[in-house]
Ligand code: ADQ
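Only one chain is included here, represented as structure tokens and corresponding to the form predicted alone.
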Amino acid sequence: MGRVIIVSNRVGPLKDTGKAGGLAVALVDVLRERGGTWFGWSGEISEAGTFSEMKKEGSRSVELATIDIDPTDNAEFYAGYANRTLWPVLHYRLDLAEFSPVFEAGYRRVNQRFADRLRPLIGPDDRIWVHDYHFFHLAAELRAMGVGNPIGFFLHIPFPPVDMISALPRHRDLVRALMAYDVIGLQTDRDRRHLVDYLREEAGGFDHGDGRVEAWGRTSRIHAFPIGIDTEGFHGFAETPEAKRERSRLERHLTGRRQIVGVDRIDYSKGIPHRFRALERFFDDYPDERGTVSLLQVAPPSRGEVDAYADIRRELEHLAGHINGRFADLDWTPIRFITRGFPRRGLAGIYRSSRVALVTPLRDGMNLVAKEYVAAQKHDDPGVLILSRFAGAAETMGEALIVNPYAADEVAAAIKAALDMPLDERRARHFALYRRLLEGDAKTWANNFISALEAVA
């Protein structure tokens, strides 16, 4: 059995420092079990760019291999086509998408250059697993170089309906390149249906009904592989000294009040402004709750070079100020808005101290915050998850309180129901959610995908 080569925009680290996401830990476990290389961008911008010397670290059996990109690639490939074009289109936000031939050419160029640098690392029996929307074209470029190895692709964000993706200029070229992959993984059955519908309607494709879909003379296996977390590991994080320290700090601040928590990157897909407005509606509809509960919103910034992200940060700061101005008292603030991140062990402590989690994206591929919140809870006294119906996680987390994030009154009523929920009901919901997280953890997700790829081989 050959090695596994993982490709993603950002890589590593090989060691779990407590800051690495659960996905990174799961992928490193795959590499350790089978041996292989994790290849991607170094995070550095240099004049040499994709022609830079390849940086390698790790052991003989598991290594990271990274290259730089140059300022033009960063502007056109990363900040441009990936984040100004594909990200909004795939999150159903055509109003925010920028369609530029220059961005598209940069995206194609970087995919070709990454394939060119990856090619010498590929052994004859290796399996290649490519991740996310940065590399739709990578397999097609490798095929053009004569690579016949099994190549799989996993999309971590949504795949939209036909009429949405078809608004993308040269959408057929993009999806046709995707069919160069032998296995295509999506987060949910809904995303899988959208891709299959596109292939049938736009490419005259044929769905064999067993996961195989044929289009443009290629047959790919298209499946939903819902991503998981290290459930037991994250539950253990909530008992670490770092978690206990954050819990102690929060308890001194809360002085017996209950806390609602939200943890999201600042991104228009996360629905944080809608969440703030729903909290305002909650305090309007249930005035007796004023002074008894507050929202802690952790929202580290992302993609600051994209105007839409600067705009949403200003909107959030304005909304938080408006709501706090309306309702705050001398010893109570309705919203605490923190724009910095926390290590994962510290987050586990914050989750455990929170009676309610608001995970209310407008559109999300999966949303692992929902799963981490459930995993961090005390089994005998758990909190309640309020989850957007438009998060991929809602497909397998039906015991959460499922809401429409656009309906402020519905979210407000769910907050009230969560705060008033009896302990027996909280335990029953938590038990069902936690058991399913154990069954579909990150290791299971990774092994299921690799097994599908090896079945092709």
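Note that this is a predicted model, so its numbers are computed, not measured. So that there is no doubt, residue numbering starts at 1 and follows the sequence shown.
Here the subject shifts to the form predicted in complex with this ligand, a form of this protein not shown in this document.
For the marked spot (Gln187, Val298 and Val369), a heavy atom within 4.5 Å of this ligand in the predicted complex is present in each of the three residues. Checking Tyr268, Trp87, Phe283, Tyr78 for any heavy atom within 4.5 Å of this ligand in the predicted complex turns up a single hit: Trp87. The partner is absent here; in the predicted complex, the one residue of Gly236, Gly321, Gly341, Gly211 having a heavy atom within 4.5 Å of this ligand is Gly341. Although the partner is absent here, Asp364 lies within 4.5 Å of this ligand in the predicted complex, judged by heavy atoms. Proximity of Ile227 to this ligand in the predicted complex: non-hydrogen atoms within 4.5 Å are present. In the predicted complex, no heavy atom of Leu138 sits within 4.5 Å of this ligand. In the predicted complex, this ligand stays beyond 4.5 Å of every heavy atom belonging to Arg192.
Just one listed stretch, out of 375-383, 67-75, 333-341, 247-255, contacts this ligand in the predicted complex at the 4.5 Å heavy atom level, and that stretch is 333-341. Although this ligand is not shown here, in the predicted complex the stretch 188-219 places no heavy atom of any residue within 4.5 Å of it.
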